[in-house]
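Below you will find one chain, with nothing else, as structure tokens; this is the form predicted on its own, and questions on how it binds or moves follow later.
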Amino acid sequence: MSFPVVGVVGGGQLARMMAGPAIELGITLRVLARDVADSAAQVVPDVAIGDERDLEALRQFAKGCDVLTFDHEHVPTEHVRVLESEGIAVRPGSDALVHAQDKGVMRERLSALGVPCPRWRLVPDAAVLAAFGDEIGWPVVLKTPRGGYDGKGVRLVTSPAEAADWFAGGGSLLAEERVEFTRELAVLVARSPHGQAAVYPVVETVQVDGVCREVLAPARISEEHALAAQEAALRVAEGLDVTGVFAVEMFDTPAGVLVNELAMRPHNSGHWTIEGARTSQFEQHLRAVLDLPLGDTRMTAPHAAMSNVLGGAIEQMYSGYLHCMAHDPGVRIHMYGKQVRPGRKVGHITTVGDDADEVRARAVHAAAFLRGDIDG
């Protein structure tokens, strides 16, 4: 038996961070990237250049791959269904992937599964939005069902008039109650085709302007809420027949946890697992899509933290990279090979240790230094 080939559709940093685990597992990684300068294309030897929105490009890429998986969810659902109909193993499959592509479909299915969610309604026009807002109270969170990420496609509106431009585009929008939460959480789950599942510790995510800035593991919540979050995530994994690693983003409230959104792939909230867990989310994803036994999800230290490195005033970060390594040899700096632009995710810092506050402070300090927010 020859060792398998995993094809990753998308050449971003998630595909890039699968390269090391693929080598360690002895498997071959192929990447479909749009450009040779893409993050993963810089480090993966077997790269095809093409557009994931082009069905023929996907077909050609799939030749020689034992299984296809994703770096992002922006592949047209109909293309994924065609590939499956032609006998190509796609994991996660189209029936699962659509729940991360269309927030309306996600809400309908999660509600049918009895998964706790914010109150919601699909609103085709301003009149239905007005009725929903009057029923649950303003302001209302309004989302475009498709295409939103990192805060894009999300608005907090106090009246239907503030959504007039979105309604002008046609189609229904997703309206949700504004949740008064204490923390934002995320749970990573891995599930293989034969149904084995593994769940990671619940983490706390810190968002700034709709973009994840920090991740703290484990989350600072009660054991009762942590177990409820893991149980909800596992219910989603089974109910949607997910294969691979995926993230369930949640709100922690005094009354319990509520599921916010899904990501059908390795996720920013799981980058801490590279150093902080016995099996990283990237190795786990490869194990899961290949139906290999899943790895150990326990932490390597009592606490771990991740801080995203966002582009700032400094375009050339290598000098700062050297200073961070010299200042704190325990920090791990992961750069994505991206051109620095203000606000763009270009890397992340991870730290592990025994003291939660100290671990967090080290990660935040290093990321701030690389961004140029501090100079010492």
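Predicted model only: the values in this text are computed from it and were never measured. In this text, residue numbers run from 1 along the sequence as written.
What comes next is about the form predicted in complex with another copy of the chain, which does not appear here.
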{"query": "Location of another copy of the chain contact in the model of the complex, chosen stretch of 30 to 38, 43 to 51, 305 to 313, 57 to 65 [non-hydrogen atom, 4.5 Å]", "finding": "43 to 51"}
{"query": "216, 186, 290, 259 - the one with a heavy atom within 4.5 Å of another copy of the chain in the model of the complex", "finding": "290"}
{"query": "Candidate from 111, 85, 300, 158 lying within 4.5 Å of another copy of the chain in the model of the complex - any heavy atom", "finding": "300"}
{"query": "Residue 16 within 4.5 Å of another copy of the chain in the model of the complex, heavy atoms", "finding": "yes"}
{"query": "Proximity of residue 24 to another copy of the chain in the model of the complex, heavy atoms at 4.5 Å", "finding": "yes"}
{"query": "4.5 angstroms heavy atom contact with another copy of the chain in the model of the complex for residue 71", "finding": "no"}
{"query": "Heavy atom of residue 367 within 4.5 Å of another copy of the chain in the model of the complex", "finding": "no"}
{"query": "Heavy atom of each of 101, 105 and 128 within 4.5 Å of another copy of the chain in the model of the complex", "finding": "no"}
{"query": "Sequence-ordered residues of 326 to 357 touching another copy of the chain in the model of the complex, heavy atom within 4.5 Å", "finding": "326, 329, 330, 331, 332, 333, 334, 335, 352"}
